[in-house]
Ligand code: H2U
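To begin, one chain is listed below as structure tokens, in the form predicted on its own.
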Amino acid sequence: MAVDYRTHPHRRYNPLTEEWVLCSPQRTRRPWQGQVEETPPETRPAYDPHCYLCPGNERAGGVRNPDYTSTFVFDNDFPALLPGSGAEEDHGVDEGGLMVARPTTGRCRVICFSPRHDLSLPLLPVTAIREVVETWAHEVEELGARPEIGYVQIFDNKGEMMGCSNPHPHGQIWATRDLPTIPGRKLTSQRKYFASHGTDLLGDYLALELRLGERLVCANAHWAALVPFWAVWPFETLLVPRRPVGDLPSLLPEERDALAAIIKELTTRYDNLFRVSFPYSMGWHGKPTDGDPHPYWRLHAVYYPPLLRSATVRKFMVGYEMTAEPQRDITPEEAAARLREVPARHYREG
């Protein structure tokens, strides 16, 4: 007798990272007496004189921001990576493969999405989000053209629950000499799939999801947002272009317009789910900037929100997740259905 995957525990395979996730839908019935989070206040001023990201204010390093009116990019005052200084010529440490260290270099930048301190991405107009898309593409192109940069990682931590240190709408870029671990896994899996099938992994997966429809959240002429079959976080989503394109700079103008529109819709659906500014970590995975065309790589973005049952109950990655493998309770199909059911117009705008 076949297992009913809607109600019984099972494991799902992620072909992008070649990892498994345990899905336990029967656990949604368990009582909750764990930690209950406080929701941050919904109201903030349009300008905060004490915010180091607002226009005209002084940052911690003593540099004063310009009176910017759209997006604003600057080198991080407290970067995780430093530009090359000659130390990278050091061959590092290798004690028989048991203790291995290598010097690395890179650049870290901050992108302010808007001069408005009080607006997150879903509350910005599509035209303002389009400026963010343009800035992302420009930064990848400019940083990726540098010979010392092998990969450009764009990400956005939204909300205190995801470690965001400042509520002003912003994201980050870490451009690294070395290919990071997760993009490295995705490079290997996509390359292997292309070699054996002659088509790209995410393109075939997207075609399957569009045909089935049960995990689709929203879509337009150029993009689709869905809860992946192998999702780990409760309301995790994957944003994929319909056309095979490897990075943000390669997007056509109409694809950039459509990307801004679907980002607003997806993040609005997030906020509307629990009527709160929905926290998440989001990141773009484009092809490496090492000069190889990487024809098997399809650009995509991942959203990892921590909320589970409500605005105050979150998913914790502990215990089994830290010692064995990722685990989730609600099925990806249920998560997608709940996101589809909420309005596409933000609850604070209508």
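Here the structure is a predicted model, which means the values were calculated and not measured. Each residue number is its position in the shown sequence, starting from 1.
The form predicted in complex with the ligand exists for this protein as well; it is not shown, and the discussion that follows is about that form.
> Tell me the stretch among 257 to 265, 113 to 121, 224 to 232, 160 to 168 that has any heavy atom within 4.5 angstroms of the ligand in the predicted complex.
That would be 160 to 168.
> Would the ligand in the predicted complex be within 4.5 angstroms of a non-hydrogen atom of every residue among A60, D77 and Q172?
Yes, the whole candidate spot contacts the ligand.
> With the cut-off set at 4.5 Å between non-hydrogen atoms, does Y52 touch the ligand in the predicted complex?
Yes, contact at 4.5 Å.
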